[in-house]
Structures are given as structure tokens and as C-alpha cells.
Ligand SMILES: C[S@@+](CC[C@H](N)C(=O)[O-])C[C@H]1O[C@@H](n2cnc3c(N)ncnc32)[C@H](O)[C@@H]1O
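In C-alpha cells, one chain follows: the form predicted on its own.
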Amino acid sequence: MLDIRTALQQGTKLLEESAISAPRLTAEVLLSHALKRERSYFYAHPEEELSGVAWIHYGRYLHERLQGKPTQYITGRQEFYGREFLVSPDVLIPRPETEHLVEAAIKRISPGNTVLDVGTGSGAIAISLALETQARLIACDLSLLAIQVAIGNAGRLGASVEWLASDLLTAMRSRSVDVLVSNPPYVPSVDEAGLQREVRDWEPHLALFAGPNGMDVYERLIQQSSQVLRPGGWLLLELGYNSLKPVQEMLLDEWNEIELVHDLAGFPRVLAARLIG
């Protein structure tokens, strides 16, 4: 029977040989999931032997990761804005960069505002805003499976959010929203072959791709937002690679106070615009 130290060494070696990023950290996360222990436990008890059941689970998790399955889908968890969210292949894995969208929205939300999260996925954005502000949160998604994941996360985290199945804003009343946030699909379909296999083969294409140039959802969402937002309301969008200029051009007529938030690498990550009253 293997002990923790040897299990981590062997797992790290397998992951390294398959060019999996962060092999040691990944091995620790997968072993932690198999043992249902915090990673810190390994450093205090490196000589502890794995049970047969734990070894079987660990081996299966390593095999899944070697096949390209993202670690988050193996463990079923991802941290976002200081909270743990459950995730599955039915939803996009929340990224740290999207926390910029949450922070930008919080600055523009007043108590009692109605806030809409479009394409909610796991519910990470809507739930974070519900717990960080005194706003009424509504979240929508075209995928019923994604909404089920989001509802589960809201229940676990104690967030009050209203959920809608909707193709973008088709289910919303005119002039009913004060702040609209979205991390929409923005990957050009022509880029599919070049994506990392973890993204291309495992994450939901509905949440990734937006037509040949990646602009299809931005265009529809901006057009519909001008009808759903109240005059003076805010639209906040996460930006994809090379999407800034086309999105700015879509905002020329009805929007002002356009502001950008850059991520830690210096790339424009969030665009905020106010509907002219």
C-alpha cells in the first residue's frame, strides 16, 4: 500500500510526463479530493498509508485529468470571489478574471436596484452580487441544466436570486433593470481547433462560442439591453480577446460614460456603459 508522500510523487510524475500544467498542485488537489482532506494534512502526515478505496479514487482522478478533464470538473468545485461554487460540465468554470466584472458591478449598484446577470452558468456572478449588495438579483440562462447548477449553488451559499430560462433578454420586461451584467460567449467558432483541449472538449460550447468572429452575442445583447435597462442604467460586459473595438462601435448611439477595467496583465477585461437617459 502506498503512503501519501509516494502517492504524490507518483501522481506528479505522471502529470509532468503528460505536460499537465502545475503537476504537483494538481496531484495534491486530486489526492485531497480522494481522501476528503485539506492539502495541509499531507505535510503533517506524509507517511500515512492510503486505503484501497482512496487509492482507487486517486487513480481514477489522475486518469481523468490525463485524458484532459479539467481538475474543477473532477472535484466538482471552483473558488470564485472567496466562495466555493459547485461546477459540472454543464457550466463554464468561473475564472478569476471574471471577478473584475463583479467588482465593477458592485461599484455601480445601489440598494434596491434590480440587477440582471445574463448567461449565469454556475451562478457565480449573480450569487456573488446578491451576497455583496442589497440589490434584487435576477439571473437567466438558455441552459436549464446550468440553471439547476446555479440554483444548487444559491441554496448552499444562502443567496436570494430569481432564476429565468431565457435566450438572452427575451423573457425580460422593458425598462425593468437598473444594472445588467454578463460574461457572454465570445470565442470565435473559427478558433475552436486552437483552444486548449480542457476547454474545447469539456466546457459547454453554448457558453463559449458566438459565431465566426465571436461578436454575435455581444451584438444581440447590446441591442436588447437598450430596451430592458432603465434610462441611466448600467451595462457591464466581460470582454474577450480582440473584442474591445467592435463592442465599443456597438455602443456609439445610445450609450455614454464608457469605462474600461483592465486585468492584472493589463488587458481590457470589463467594459461599463451607461444608457443615455
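Just so we're clear, the structure is a prediction, and the values are computed from it rather than from any experiment. Sequential numbering from 1, following the sequence displayed.
One more form of this protein, predicted in complex with this ligand, exists but is not displayed; see below.
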{"query": "Triple contact flag 6, 11 and 62 to this ligand in the predicted complex, non-hydrogen atom at 4.5 angstroms", "finding": "no"}
{"query": "Residue among 75, 143, 176, 133 with a heavy atom within 4.5 Å of this ligand in the predicted complex", "finding": "143"}
{"query": "Single option in 103, 167, 79, 192 placed near this ligand in the predicted complex, where near means a heavy atom within 4.5 Å", "finding": "167"}
{"query": "Distance check, residue 183 to this ligand in the predicted complex, heavy atom within 4.5 Å", "finding": "yes"}
{"query": "This ligand contact at residue 157 in the predicted complex, heavy atom, 4.5 Å", "finding": "no"}
{"query": "4.5 Å heavy atom contact, residue 199 and this ligand in the predicted complex", "finding": "no"}
{"query": "Contact test in the predicted complex: residue 98 vs this ligand, heavy atoms, 4.5 Å", "finding": "yes"}
{"query": "Answer range among 184-192, 67-75, 148-156, 104-112 for contact with this ligand, defined in the predicted complex as heavy atoms within 4.5 Å", "finding": "184-192"}
{"query": "Sequence-ordered list of residues in 195-211 near this ligand in the predicted complex, where near means a heavy atom within 4.5 Å", "finding": "206, 207"}
